[in-house]
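For reference, the chain that follows is the form predicted alone, supplied as structure tokens.
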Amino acid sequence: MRFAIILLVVLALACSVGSLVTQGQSYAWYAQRYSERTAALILALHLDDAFHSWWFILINAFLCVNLLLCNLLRLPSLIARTRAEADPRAILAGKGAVSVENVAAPEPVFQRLRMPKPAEAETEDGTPALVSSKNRAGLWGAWVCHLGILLLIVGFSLGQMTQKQYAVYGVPGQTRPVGDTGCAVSIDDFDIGLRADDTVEQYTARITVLGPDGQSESAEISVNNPARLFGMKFYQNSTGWAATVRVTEGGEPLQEEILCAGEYLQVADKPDLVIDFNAFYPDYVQRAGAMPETASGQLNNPGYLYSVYYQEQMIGMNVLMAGETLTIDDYAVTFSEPQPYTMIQIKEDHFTGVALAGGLVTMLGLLLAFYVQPARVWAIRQEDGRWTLRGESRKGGAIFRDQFLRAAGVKDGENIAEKEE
């Protein structure tokens, strides 16, 4: 347990470092924000991908082995304790945490304590006795809880190491590939639900996933309501703005594409010329000395922030208003028909079930540990034909003692012979 606590502290520190350092960036990115020496240290220690690094995997592996061995080492003694809870000889050899003498009829006391029907037995000297035990499963609470934590760690760690994530975004009518899976997502419809005060209540997308074998599956997804299709989970992640970009050459239509903010277009017959759609402002305002912004989410004064590159060199950047045209030599570029796009996050994790099972097993262990109290009660016949009742609960303590005394009809300490362990 001491080693397990050390591992948990180290793991918590590792998770903190991984959370503080932005993941998945380049050396140049880290050098710009920190320093070249810090950037080199981040990459050398794999802090740029901490949760997939060899040392993070090693910490988890040690913790899993530790938990597994702890459970295996405790298993024989736990089995022996469980058997002893139901063994009449072991029960009768105990002194009991509480006892009551001179009980005329013990059976009603067993019933009031909700004990199983007592079994007949004998003490070592042959005195008749009655024994009963219940809730032996409560002894397994901590063991089951540790097993659940082990499954949680294994499921989560393997899931993080092997999981694949993809992002697909577009507007209704578009079909986008899902990474290297061979699947594609067709966006059938996208709706933004608004409240009475025009604030967003929900984003809902209706999608059809096309499999590599030609099959298709459809579903409706919204925030916090993902769908599982082709073994992957599809989440409604976020939204943004898209626009139709039209390019003409010499007055003749040349190209038309729907671009989401952040995408770019290469001119069809001049690929070195690139139009980048940087951002969209539904209600564009420009204050002196400030960056462009939008006064509201309504399409009152649409503005399109663009930049133009030629042979990878920026040659211009500005905001184009609705109805305006950008002219570059013989080319004319217009932005129009703004509409929201949906961004869908896709996760493929084959170990989600293991982590879910671990969570359920952990909850079961906690229920057993806190709410299932093992108890055993026995009665030994006295020479005058009356009975001495004894009982104990490993986790009941004072609560069990009070229940025992009330069930035996004891008031104000009459005929009580208590023995505290």
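Rigid core (definition): largest C-alpha set, two forms, superposition within 1.5 Å. Residue indices: 1-based, along the sequence shown. As the structure is a prediction and not an experimental result, all values here were calculated from the model.
There is also a form predicted in complex with protoporphyrin IX containing FE; it is not shown, and the following applies to it.
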### Query
So which stretch, 384 to 392, 33 to 41, 48 to 56, 362 to 370, is the one near protoporphyrin IX containing FE in the model of the complex (non-hydrogen atoms, 4.5 Å)?
362 to 370
### Query
So which of L326, I149, V308, A97 gets a non-hydrogen atom within 4.5 Å of protoporphyrin IX containing FE in the model of the complex?
I149
### Task
Note which of A121, M343, A142, V103 lies within 4.5 Å of protoporphyrin IX containing FE in the model of the complex, where distance is taken over heavy atoms; exactly one does.
A142
### Message
in the model of the complex, is there a heavy atom of protoporphyrin IX containing FE that lies within 4.5 Å of any heavy atom of R74, even though the partner is absent here?
### Response
yes
### Task
Determine whether any heavy atom of C70 comes within 4.5 Å of a heavy atom of protoporphyrin IX containing FE in the model of the complex, and answer yes or no.
yes
### Query
Would L63 show up as a contact with protoporphyrin IX containing FE in the model of the complex if we use heavy atoms at 4.5 Å?
yes
### Query
If you look in the model of the complex, which residues in 1 to 34 sit within 4.5 Å of protoporphyrin IX containing FE (heavy atoms)?
M1, A4, L7, L8
### Query
With both forms fit on the core, has L69 moved 2 Å or more by CA between the shown form and the other one?
no
### Message
For a quick test of reading the superposition: does A355 move by 2 Å or more at the CA between the shown form and the other one, rigid core aligned?
### Response
no
### Threshold 2 Å Cα movement between the shown form and the other one at G365, rigid core reference
no
